[in-house]
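Form predicted alone, single chain, as structure tokens, below.
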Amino acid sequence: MSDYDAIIIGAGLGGLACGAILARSGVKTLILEQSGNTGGCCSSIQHDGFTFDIGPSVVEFKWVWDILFEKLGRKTADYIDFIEIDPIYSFITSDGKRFSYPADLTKTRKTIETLSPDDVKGWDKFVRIGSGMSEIFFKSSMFTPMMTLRDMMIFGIKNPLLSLKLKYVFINFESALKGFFKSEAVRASMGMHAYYLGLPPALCPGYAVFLCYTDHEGVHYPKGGMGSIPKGIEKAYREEDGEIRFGERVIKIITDKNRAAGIRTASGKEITSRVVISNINAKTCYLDLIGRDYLPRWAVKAMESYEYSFANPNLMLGLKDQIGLDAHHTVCHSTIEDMNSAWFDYCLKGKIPSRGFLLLSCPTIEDHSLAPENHHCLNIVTVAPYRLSGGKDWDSIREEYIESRIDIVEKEFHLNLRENIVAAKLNTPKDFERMLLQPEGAIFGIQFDNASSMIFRPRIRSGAIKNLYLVGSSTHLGGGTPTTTASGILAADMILREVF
């Protein structure tokens, strides 16, 4: 008889959501987490009196957690206090101009008209198509397990609008934008959404352009920091007698006749279970924890073919003044060309981009509890390569990188930053790798292009090992707080239907 019905490796959002539903259904569940807290990339840390988010900085699709807590017989508001964000984004151009996109579609239309009167009709078309595409790509697909080609065909039949808009699957993000907007300024203001999927506009799938629309359906922030989300799910999980052990790193998935049968930890413990759920990077799960010798040849080749997602350095600053920002998210405006160049001319060549994608996140605009009185938190987020050229290493250029990001914000976007800094902490790609065991600091797990999405991504139910399930950013739905949470819901539903 097994020690547990289900063992979950990793206490990220997907693992917690899956565990909570299983525990609610009477499945004896154990979550093993190598660190000292829940959430993985979606967590917060304390530093010099400030609470900083280390990964995601806002939440879209709040209804995903409403579905989760409904399945748990609970209400989201009793576990997570979401604050609505408005405006969604503020932009600063290099010549000092500012504009914002409010949550209200009509008000954003007026902003578009100010920027480019010729693009108002394009915006109206974008909103009209975006509302339909939101239903297909970001709502219907959220709880559709993509296991086979047949699943994709059924999904297409149930969503006939998809056949009319199929071109957005085959064109890139940049081309999709050009189909709606003429102004380079307007295109650039929406182009940074491509990096929300971990790719530049030239490579990101075209359907992701409609994330620019779904923002207007609601963007939220959890009071107390992004770490409040996993803490809320953890609380519900524990209320269902779910068990979590911290500081337990799993180094082996035990198999018996091609079936997952338990795990072995770094301390030598062996724990058996009927089902194993992996909430870690899929390549690590298959190639390291199971091992090439225990996998079919096709599975080894498939895993080796996946590329890790981009790295995402996060500079966290505690400020004694708010430096004049008026929105939770401020984008240092650049061109689509710069965004593509940051990838092709810098990241792929091992160089740190000087422009292209620079996001300033100031959550204390909504939540003052994150910082000492009259102080503010600021995160400066960019993209960068894991491997640096010229013999450089992230540990050796830490101070150089901090100074260069501050210089860009001050000199190119005219914000009085340096003299207001009272605390600073940088998480480099190497730091993410060490803290979260994310290979190459890949916060999105596996690169998300058309060749690595839907049925082409590692699937929730393993096709190589029986009773092994995968959740999180590396599997179907991809990276992001709502999608990883939804993967846990999908996995739990499948496990309850197929095993218990």
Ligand SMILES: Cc1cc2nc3c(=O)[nH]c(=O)nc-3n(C[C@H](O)[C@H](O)[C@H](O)COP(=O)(O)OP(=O)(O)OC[C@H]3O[C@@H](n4cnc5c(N)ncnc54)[C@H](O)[C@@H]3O)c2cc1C
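These numbers were taken from a predicted model, which means no experiment stands behind them. Counting begins at 1, following the sequence as shown.
Only in words, not in the display: the form predicted together with this ligand, which the text now covers.
**Student:** Out of 443 to 451, 22 to 30, 66 to 74, 460 to 468, where are the residues with a heavy atom within 4.5 Å of this ligand in the predicted complex?
**Tutor:** Residues of 443 to 451 come within 4.5 Å of the partner.
**Student:** Though only this chain appears here, would Ser189 touch this ligand in the predicted complex if you measure heavy atom gaps against 4.5 Å?
**Tutor:** Although this ligand is absent here, Ser189 would stay clear of it in the predicted complex, with no heavy atoms inside 4.5 Å.
**Student:** Decide whether Ile455 counts as a contact residue for this ligand in the predicted complex under a heavy atom distance cut-off of 4.5 Å.
**Tutor:** No, Ile455 stays farther than 4.5 Å from this ligand in the predicted complex.
**Student:** When the contact criterion is heavy atoms within 4.5 Å, does Leu437 count as touching this ligand in the predicted complex?
**Tutor:** Residue-level check for Leu437: yes, a contact with this ligand.
**Student:** Heavy atoms within 4.5 Å of this ligand in the predicted complex: does Leu378 have any?
**Tutor:** It does not: once this ligand is placed as it appears in the predicted complex, Leu378 has no heavy atom within 4.5 Å of it.
**Student:** Just one of Lys97, Lys121, His368, Arg249 has a heavy atom within 4.5 angstroms of this ligand in the predicted complex, so which one?
**Tutor:** None of the other options qualify; the answer is Arg249.
**Student:** Within 26 to 49, which residues have a heavy atom closer than or equal to 4.5 Å from this ligand in the predicted complex?
**Tutor:** Heavy-atom contacts to this ligand in the predicted complex: Leu32, Glu33, Gln34, Ser35, Gly39, Gly40, Cys41, Cys42.
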